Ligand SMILES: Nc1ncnc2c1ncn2[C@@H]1O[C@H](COP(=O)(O)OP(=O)(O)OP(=O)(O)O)[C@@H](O)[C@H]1O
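A lone chain, given as structure tokens: the form predicted on its own.
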């Protein structure tokens, strides 16, 4: 194990010293994030100008790490790197299966992860074009997704809703329902994992993130996922003393 980490670190240092990614400050990351193929992918994205520098991790999850980066024009970007070794392949197969946009050999783990990243990119693109407040997708390559950084001008990332002080919870709820409606009606998607964990608060406005598992509206699972999203939002806002029914949200989203 140690030799693999050392080898990956050597490759990483070489890439950082030779090309445009200058440093990585978070020393906790190891070979399971920056494996050989990921390093090559970052190298290509650096050469294309999408990434000039990687800084510390914004978030660290079981399947992916999100890093704060800078592009070649020194604009902040968010760089999401999926780990092939720890990804939940059963979940990925479940959410990709039946999606007409993707035809992938589900026995090939790396191909599955790459399809998952492409799925998140395309879902973000559809949501963004529909007017949903999501990070603007910039580029997806293999297991790396580069997107708009959500935070202030100093590079401080926006916090998830569960960690934020919500000054006007009713207004925030109405905005979230509006974005859910745009996502469903105009983008033709259901988020599938929407909750206070996957909503950032930036300038008092909710920003919906982590849309990789999002399903098209005509998918057989979409109704189940929509109901789950609604239930999560109702629970989250009950904690903020805002009472709203599942039926009320659903009728607004579907215009019925």
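Numbering follows the first chain given and starts at 1. These figures come from a predicted structure and were not determined experimentally.
Heads up, the form predicted in complex with this ligand isn't pictured, but that's what we're talking about next.
Colleague: Which of these residues, 215, 226, 187, 58, gets a heavy atom within 4.5 Å of this ligand in the model of the complex?
Modeller: Partner contact (heavy atom, 4.5 Å) among the options: 58.
Colleague: Consider the chain as shown here, without its partner, and state which of 39, 66, 70, 221 has a heavy atom within 4.5 Å of this ligand in the model of the complex.
Modeller: Here the answer is residue option 66.
Colleague: This ligand isn't shown here, but in the model of the complex, which of 125-133, 175-183, 107-115, 76-84 has heavy atoms within 4.5 Å of it?
Modeller: The contacting stretch is 76-84.
Colleague: Taking the shortest heavy atom distance, is residue 195 within 4.5 Å of this ligand in the model of the complex?
Modeller: Although this ligand is absent here, residue 195 would stay clear of it in the model of the complex, with no heavy atoms inside 4.5 Å.
Colleague: Is residue 150 close enough to touch this ligand in the model of the complex, meaning at least one heavy atom pair within 4.5 Å?
Modeller: It does: once this ligand is placed as it appears in the model of the complex, residue 150 has a heavy atom within 4.5 Å of it.
Colleague: Considering non-hydrogen atoms and a 4.5 Å limit, does this ligand approach residue 209 in the model of the complex?
Modeller: The answer is yes: residue 209 has a heavy atom within 4.5 Å of this ligand.
Colleague: Using a 4.5 Å heavy atom cut-off, state whether residue 200 contacts this ligand in the model of the complex.
Modeller: Taking the distances in the model of the complex, the answer for residue 200 is yes, it comes within 4.5 Å of this ligand.
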